[in-house]
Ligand SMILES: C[S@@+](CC[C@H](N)C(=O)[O-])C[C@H]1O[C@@H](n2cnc3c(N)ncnc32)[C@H](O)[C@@H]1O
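Form predicted on its own, single chain, as structure tokens, below.
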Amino acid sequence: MTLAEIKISIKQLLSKKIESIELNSLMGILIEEVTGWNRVQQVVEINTPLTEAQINNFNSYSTALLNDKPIQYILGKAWFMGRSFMVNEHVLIPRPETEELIEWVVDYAHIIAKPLQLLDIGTGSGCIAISLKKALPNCSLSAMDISAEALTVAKNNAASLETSIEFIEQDIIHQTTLPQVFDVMVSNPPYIPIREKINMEAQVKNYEPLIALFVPNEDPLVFYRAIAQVAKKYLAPRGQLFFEIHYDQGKAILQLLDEMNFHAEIRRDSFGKNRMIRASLK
């Protein structure tokens, strides 16, 4: 079977599940993963026969896609801020909008123009902490998560990307002490009410870690409240909190922070949705 034939076979299998533009992009990614050929080489080698092992890999990946498994989990990696991060079922797949949160933190740090102590709460794959350390090499980064499995992924990413991060296994809800004071705390915590699960894509709700996604319907701001409470004790004078938020929770979070004695501002992402908040104690 040639590359051309396997492409036809996969497209026939997946065309009813995946739109053509996305499918073409996925095909390019899969072909490069299986064969090592870049996009130009894929054109040149279109009639090249594939090995049995390569055909088996294509079939395996196609079946996984047919079952809604995200391509990032299939390949075990995701691109974020121009770098490849290891991902598996214990960590969320990094999203583009989180890059905008990091850019806001970096802009703030450049304004302050001195080494800062930063803490990433709920680090998952470590993409926030590692990206911040890469952008701010003179700053110190710590990263916290309740999941030992997630921290294993984050530590592997820090090692492969040659980044020095202090990792902390801790539940921010129930363990409310930190090892030191921080100038910046940043978090993309769970914020999706569990009632929304029914309407979410199968790729998300069937594969990504539920603990990193969902919060109780009756208290969707539970993590924001807990983090802000800890910040009142462990945020340095004039320190800053940065949050990623659910697009329709902005007003509620601003009210919560105001009641907890924080000044706060909200920022829209590139899609025009309320997505980020920065806060400091009054």
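Predicted model, so just to flag it, every value in this text is computed and none were measured. Quick note: we count residues from 1 along the sequence shown, nothing fancier.
Below, we refer to the form predicted in complex with the ligand, which is not included among the displayed structures.
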item: Which of 155 to 163, 71 to 79, 169 to 177, 109 to 117 sits within 4.5 Å of the ligand in the predicted complex, heavy atom basis; value: 169 to 177
item: Selected contact from Leu136, Met86, Val204, Ala212, since only one has a non-hydrogen atom within 4.5 angstroms of the ligand in the predicted complex; value: Ala212
item: Any non-hydrogen atom of Ile130 within 4.5 angstroms of the ligand in the predicted complex; value: no
item: Residue contact check: Val105 to the ligand in the predicted complex, 4.5 Å heavy atom; value: no
item: Contact test in the predicted complex: Leu92 vs the ligand, heavy atoms, 4.5 Å; value: yes
item: 4.5 angstroms heavy atom contact with the ligand in the predicted complex for Ser140; value: no
item: In the predicted complex, residues of 219 to 251 near the ligand [heavy atom within 4.5 Å]; value: Phe223
